[in-house]
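The data below hold one chain only, encoded as structure tokens and taken in the form predicted on its own.
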Amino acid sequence: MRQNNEVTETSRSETVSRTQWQLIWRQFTKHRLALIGLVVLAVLYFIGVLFPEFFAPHSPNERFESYLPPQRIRFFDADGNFHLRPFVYGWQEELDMATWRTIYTPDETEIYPIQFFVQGTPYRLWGTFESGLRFMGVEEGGRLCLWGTDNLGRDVFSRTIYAMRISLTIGLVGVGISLLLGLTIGGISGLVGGAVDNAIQRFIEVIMSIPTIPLWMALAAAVPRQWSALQVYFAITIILSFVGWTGLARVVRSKFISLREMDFVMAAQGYNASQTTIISQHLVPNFLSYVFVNLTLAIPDMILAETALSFLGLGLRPPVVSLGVLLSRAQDLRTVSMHPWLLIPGAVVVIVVLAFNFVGDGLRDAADPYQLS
């Protein structure tokens, strides 16, 4: 009995000695789906945002035959022989006389081993460092198109990797702006109150009453056509941020109103603590779980918004490569029915959204002040 009490006291002392962020991380690591989602996001951001040029087998505009089917990575050839190094077959063309379509079938006489850390099409890493080293590829004369090609013969797999840089960063930048606006405007509304609070709330209600998609379309249509791809990118980010901060601002206002009369806030005011200290150390930590959930849900929302705008032709436009731009090639039902691999970038969007939702659930539970023990 005494030993159990000593173990309990030891665990309590360890808990007390931990910081709030250490307690949040300890709770977060107990959520398996959240950890899986975090790993998936880390891999996608590492490959698609930091080093897409290195991991993509081809440049985004390198062309092969149009509508090549996805290639299958193999270890056994047609004779049943095992190959230690994975390989892909070449393609042989055949014209379907009934539909006048070119049909591609694997050519089992052409074997192209997949090689790693090979020299490919030159590129500029981050627009600065010149290199031609790529993570994988095949020898000259072969084609490595794991997810097939589009109507212009461009590798869908490589273009999807390049597209993640735009689509994933637009969510981070947009959410950063929305978080700043939501916390600032909502905090002012909740702390000041009175006429300022009424004016801010009426302004928020006006924005929230406007249908989202028509508002996106109207703002995106106002972007001049002669703008460069970089200017359009920042314009779309600002547009998405402009309509994404209202929900967070209203929650921050309500939380501030409910917490500003609490005993610990009154005590901090009695010790002449500054407003910045009260907000950062007493108010915000008490609804940190909601902020985490809002962030992890807002990022996929903005990714989906950019995808929808680009799909409708109102967002980013070629030659910019984003997931929405790639999916815009799959608008024709007849094209999708014959070449379904054009929808693969949509699966990437689904994976990203699910991963963010899992991480959000884990952070919500971990940041709950009643569970930090």
Partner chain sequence: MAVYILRRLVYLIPTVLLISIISFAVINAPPGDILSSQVQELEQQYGPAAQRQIEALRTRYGLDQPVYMRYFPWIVGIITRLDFGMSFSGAYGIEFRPVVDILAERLGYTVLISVLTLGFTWVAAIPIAVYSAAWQRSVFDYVFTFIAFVGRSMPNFLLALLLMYFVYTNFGWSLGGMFSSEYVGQPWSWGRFVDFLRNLVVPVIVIGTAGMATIVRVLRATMLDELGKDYVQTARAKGVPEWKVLWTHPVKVAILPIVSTIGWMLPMIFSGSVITAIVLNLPTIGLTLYTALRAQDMYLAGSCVLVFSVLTVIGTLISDIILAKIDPRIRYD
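Numbering follows the first chain given and starts at 1. Quick caveat: nothing in here was measured; it's all calculated off a predicted structure.
The same protein has a further form, the form predicted together with its partner chain, not shown here; the description that follows concerns it.
S.K.: Judged by heavy atoms and a 4.5 Å cut-off, are 45, 179 and 196 together in contact with its partner chain in the predicted bound form?
M.R.: Looking in the predicted bound form, the three residues 45, 179 and 196 all stay beyond 4.5 Å of its partner chain (heavy atoms).
S.K.: Could you tell me which of 51 to 59, 66 to 74, 327 to 335, 37 to 45 sits within 4.5 Å of its partner chain in the predicted bound form, going by non-hydrogen atoms?
M.R.: Every other range fails; the passing one is 327 to 335.
S.K.: Taking its partner chain as it sits in the predicted bound form, is residue 304 near enough to touch it, meaning that at least one heavy atom pair lies within 4.5 angstroms?
M.R.: Taking the distances in the predicted bound form, the answer for residue 304 is yes, it comes within 4.5 Å of its partner chain.
S.K.: With the partner left out of view, is residue 353 within 4.5 angstroms of its partner chain in the predicted bound form by any non-hydrogen atom?
M.R.: So residue 353 counts as contacting its partner chain.
S.K.: Considering only heavy atoms, tell me if residue 297 and its partner chain come within 4.5 Å of each other in the predicted bound form.
M.R.: Looking in the predicted bound form, residue contacts with its partner chain include residue 297, since a heavy atom lies within 4.5 Å.
S.K.: Is it the case that residue 311, even though its partner is missing from this view, gets within 4.5 Å of its partner chain in the predicted bound form, heavy atoms only?
M.R.: Close contact exists here: in the predicted bound form, residue 311 approaches its partner chain to within 4.5 Å, heavy atoms only.
S.K.: Of 270, 80, 224, 127, which residue is found within 4.5 angstroms of its partner chain in the predicted bound form when only non-hydrogen atoms are counted?
M.R.: By the 4.5 Å heavy-atom cutoff, the listed residue in contact is 224.
S.K.: Pick from 95, 133, 257, 208: which residue has any heavy atom within 4.5 angstroms of its partner chain in the predicted bound form?
M.R.: In short, 208.
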